[in-house]
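To begin, one chain is listed below as structure tokens, in the form predicted alone.
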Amino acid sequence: MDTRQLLIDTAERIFSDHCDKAVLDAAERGEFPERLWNVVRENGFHELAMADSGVDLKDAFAVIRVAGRHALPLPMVEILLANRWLQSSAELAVIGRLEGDRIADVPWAGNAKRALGIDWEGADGVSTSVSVEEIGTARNVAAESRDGLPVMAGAQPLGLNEPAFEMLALGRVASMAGCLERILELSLQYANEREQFGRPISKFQAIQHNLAIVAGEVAAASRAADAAIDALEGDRFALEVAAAKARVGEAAGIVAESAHQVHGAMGFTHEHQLHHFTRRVWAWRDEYGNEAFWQERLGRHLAGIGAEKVWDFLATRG
């Protein structure tokens, strides 16, 4: 068994055992999943993206995808990349968007010791300690923590030599791909178990049509995510991330809509687990650039290379 599959299988077991609906509901009420965090830390998963971890960076993103499949209420993308760029995992560190002298959209800032602010338009960043008294609490549509805090006196600049914004966007791509796979699984399971007029609703043509749409979009999203992860550290990385974030974001809206149609009224209830996944893909598609943002970047590149080179760009990986 190769390293990636071993990590994926281990992550599946850990997340399945320690992340259920009760944990997700508690996190949405503002309770930090301390037990889950301790298990993740004890197994070294918070260090997977560090340069000296001995793990390929692509494998770390494979674990992020598994986390998305379980709607993990820990910001694995931000934790893994924060530890990578700090070259330390001694404290819980997370990442937000640098806006002048403040950092916005910081997950679980009240439970972190350090926060990294990343400039979306460049490679600049800062590392600052967290003052709990000065945190402004906020949440996204999935009720995930997205706090704001000031850059404290004595903040240190981050000497980033990697495309930080694109790597964070890739983290959302991987998370969404995993989450969409789970939505497909839930939809298939519900359609096969729910009966109407004496037979499973999966036998009805309208339901089959919706399931086919979901399956097609999930397949496209998975392939786009794979291509972007494979392009890590390559010359086309930023462009592959642009294509993947746009395509997976588009799939998120279509899959969530069709999945809720399959589930009917049951899928809209708090008691059902579907909303934990659909609300996350709705939220994540807008974080680190929405479809329009990345489509514009990709379009500018295509316009810049000229019409005669567009086909070569689309048909090759060179």
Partner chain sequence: MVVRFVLQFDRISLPEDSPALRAEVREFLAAESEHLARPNSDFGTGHDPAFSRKLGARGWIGMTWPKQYGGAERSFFERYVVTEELLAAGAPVSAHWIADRQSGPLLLRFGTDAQREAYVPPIARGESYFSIGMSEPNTGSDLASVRTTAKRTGDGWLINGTKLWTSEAHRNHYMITLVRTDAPSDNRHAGLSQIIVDLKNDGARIRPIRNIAGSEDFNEVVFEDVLVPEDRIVGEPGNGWQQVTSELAYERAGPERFLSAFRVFVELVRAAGEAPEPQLAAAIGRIAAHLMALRRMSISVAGMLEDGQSPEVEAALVKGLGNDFEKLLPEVARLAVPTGPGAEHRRFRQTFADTLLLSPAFTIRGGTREILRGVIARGLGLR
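Residue numbers count along the first chain shown, from 1. The structure displayed is predicted, hence computed values, not measured ones.
Not on display, but discussed next: the form predicted in complex with the partner chain.
**Q** Just checking whether E91 would be counted as a contact of the partner chain in the predicted bound form - the rule being heavy atoms within 4.5 angstroms.
**A** E91: no, not in contact with the partner chain in the predicted bound form.
**Q** Is there any non-hydrogen atom of R69 lying within 4.5 Å of the partner chain in the predicted bound form?
**A** Taking the distances in the predicted bound form, the answer for R69 is yes, it comes within 4.5 Å of the partner chain.
**Q** Does at least one non-hydrogen atom of R223 fall within 4.5 angstroms of the partner chain in the predicted bound form?
**A** Because a heavy atom of R223 falls inside 4.5 Å of the partner chain in the predicted bound form, the answer is yes.
**Q** Could you tell me if G216 has a non-hydrogen atom within 4.5 Å of the partner chain in the predicted bound form?
**A** G216: contacts the partner chain in the predicted bound form.
**Q** Can we say Q189, A307 and W311 each have a non-hydrogen atom within 4.5 Å of the partner chain in the predicted bound form?
**A** Every listed residue reaches the partner chain in the predicted bound form, so yes.
**Q** Would you mind picking the one in L149, L211, M167, A142 that has a heavy atom within 4.5 Å of the partner chain in the predicted bound form?
**A** The residue in contact is L211.
**Q** Could you check which residue among L74, A243, A109, I118 gets a heavy atom within 4.5 Å of the partner chain in the predicted bound form?
**A** Only one listed residue qualifies here, and that residue is A243.
**Q** So which of 224-232, 76-84, 168-176, 155-163 is the stretch with heavy atoms within 4.5 Å of the partner chain in the predicted bound form?
**A** Heavy-atom contact with the partner occurs in 224-232.
**Q** Suppose contact means any heavy atom within 4.5 Å; which members of 244-261 contact the partner chain in the predicted bound form?
**A** The stretch touches the partner through A246, R247, E250.
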